[in-house]
Structures are given as C-alpha cells and as structure tokens.
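This document opens with one chain alone, in structure tokens, the form predicted on its own.
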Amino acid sequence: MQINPIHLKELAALINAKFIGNEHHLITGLNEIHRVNTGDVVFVDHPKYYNKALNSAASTIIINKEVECPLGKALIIHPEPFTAFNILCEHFLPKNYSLIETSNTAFIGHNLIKMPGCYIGNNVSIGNNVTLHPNVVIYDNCVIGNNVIIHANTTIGSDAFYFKRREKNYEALYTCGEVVIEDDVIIGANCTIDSGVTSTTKIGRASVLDNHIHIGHDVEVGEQCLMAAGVAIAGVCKIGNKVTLWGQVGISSSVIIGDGATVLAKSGVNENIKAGETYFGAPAGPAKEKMREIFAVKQLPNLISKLYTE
C-alpha cells in the first residue's frame, strides 16, 4: 500500500515507538513481507524471520527487539509489531463503508448488467460489458475489467484470512489491499476472492472459475486458467498461465504452480509444481508415480493372502 511520504520520526510517533535511524528517513508505503519494495515498512515479530525482514527490500522494519540496523535502513522498536502495523494501516487507510447499493465513488463502464441484490463498494472500477448476477458483492477498491461475468452470490474483495493468536482471541491483520479481475474472466456462483492484505489479489485475463471456489489473499492467478468446482487456494500462491485445477483441489500457502500444469481432482498441493507437469494425490506428486503407488497398494491384500496360505 502506497502512502503519502512521511518521515521516520513522525511515523514512529503514531505508534509511540522508539526508532533507530535518521529521523528524516523517508517512508512511502506499508506492505507485507512478500510484497515489500524500497521505501516500505514491514513488520516482524519472531526471531525466525528477523533476517528475512532485515534483508528484504523494505526500508523500515518494525521489530520487537533491538538489533543491528542494516545500512541505509531504519528500525522501529515496538513490543507488538503486528498490532503496530495494524494501527498504521488503519491510520493511512481508514474504513469508510458505503451504505448504498452502488457507491457514488465507483466508476462504472458501459453496458453494465447489474441484477438485484448486487453491492458495489467505494472506489470500485468496473469496465465495459460486465454482467453481475444476483447478490454479487464487490468490496472497496476492487477492479473489474471488460467483458467479465460474475455469477450469483460471489464475493470479491473480502478480508484476508490472516490472524495472530492472542491469549483470549485472534487479532486480524488489517486488510487494505484489493482484487483485480482482468478482462474476459468468468467467475461462477458462490465463489470468494479475498483481497490482498496490503497489495493485490489478481485473476488473470480469460481465466474461468467454476462454482464454490475460494482464492486467498495475495494470490496471483495467470491468464487462461481453468478451475473446477471446490478449488481452494491459500494465500500468496502464484498460479501460472493456462493452469488447470480440477475439482476440490486444495493448495497450501505460498505454492508456485508453473505455466500449463494440471492438478487432478481431490489433490492436496503443498509443494511447487513445474511448468507442464500433471500432479495428483494428497500430498500431491507427479500423477504417473501416484497412480503406480495406488496400483501397488491395491496388490497388498493379494500379497498378504499368499503369505498366509503358503
């Protein structure tokens, strides 16, 4: 998320925190670790991830321990970096809900077909020749391209599923990103596409999603992908172009699937898949290998029977 430039001393004051670095050090954005750029603030609250944050592209790190500050960067010391990051995100992008069906700040292109029950939030942009079937919900700041069809009861831009366990509850990471649906995309009924936490969840041009599909925060889906019903993709995954995911495929967070790959039905993917490969099973592996494993398991009863009769 880009913000109006602010100096380190001013930003640290917003969360009553000590800072290490030049007080005039300039901050231009707030982003999660996987989306940081030069000028951004990122947070880290576990020693396991200190090096990743300190060596990232981020220029400023909110951290819960004083450590050596990398050259050219700045640190903000706060006992709860997760909460501090939330406070800053809400400060720079406070919630401002629209209470009417189509916000006055939405940009609507030509030939929109909007059926009863649809909701279009603040700063939404919708291209030309778009069809929204009944009860489609589009949250604030989302972008819908041209020639897009979204079927009934689908929600675009809901909050990220990103929580920190506290003693008595879970603290949600403040969602202030967006969803971008590119041209010629078709999305089925009862789908949910979560917003990026501070950046973008994207569905690429001419992709087709069946019913009951969930796309997590900050997922990037390439062009001309095909997903059958029940697919669930966790946050921060990258799906290449012309990927096919058959029914009820589940993909763990941060997985990368290469161009032209196929994942067969009911598979659980927890590792990267190279371009052009076909995977199957839970945990998923190369389909031919998995089929041989299944065939071998089917032979076990006969083998065991022979052992007992000999």
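Bear in mind the structure is a predicted one, so any value in this text is a computation, not a measurement. From 1 onward, residues are counted along the sequence shown.
Beyond what is shown, the protein has a form predicted in complex with a further copy of the same chain; the following relates to that form.
A heavy atom within 4.5 Å of a further copy of the same chain in the predicted complex is found for one listed residue only; from S199, Q224, N146, S125, this is Q224. T244 is the sole member of S254, T244, N55, T28 with a non-hydrogen atom lying within 4.5 angstroms of a further copy of the same chain in the predicted complex. Contact check for K114, Y119 and N211: all three have a heavy atom within 4.5 Å of a further copy of the same chain in the predicted complex. Heavy atoms of I100 reach within 4.5 Å of a further copy of the same chain in the predicted complex, making it an interface residue.
Although the partner is absent here, T60 lies well away from a further copy of the same chain in the predicted complex, with no heavy atom inside 4.5 Å. Using a 4.5 angstroms limit between non-hydrogen atoms, A275 is distant from a further copy of the same chain in the predicted complex. Shown alone here, E23 lies farther than 4.5 Å from a further copy of the same chain in the predicted complex, counting heavy atoms only.
Contacts between stretch 281 to 300 and a further copy of the same chain, counted in the predicted complex as any heavy atom lying within 4.5 Å, involve A282, P283, K290, R292, E293, I294, A296, V297, K298, Q299, L300, listed in sequence order.
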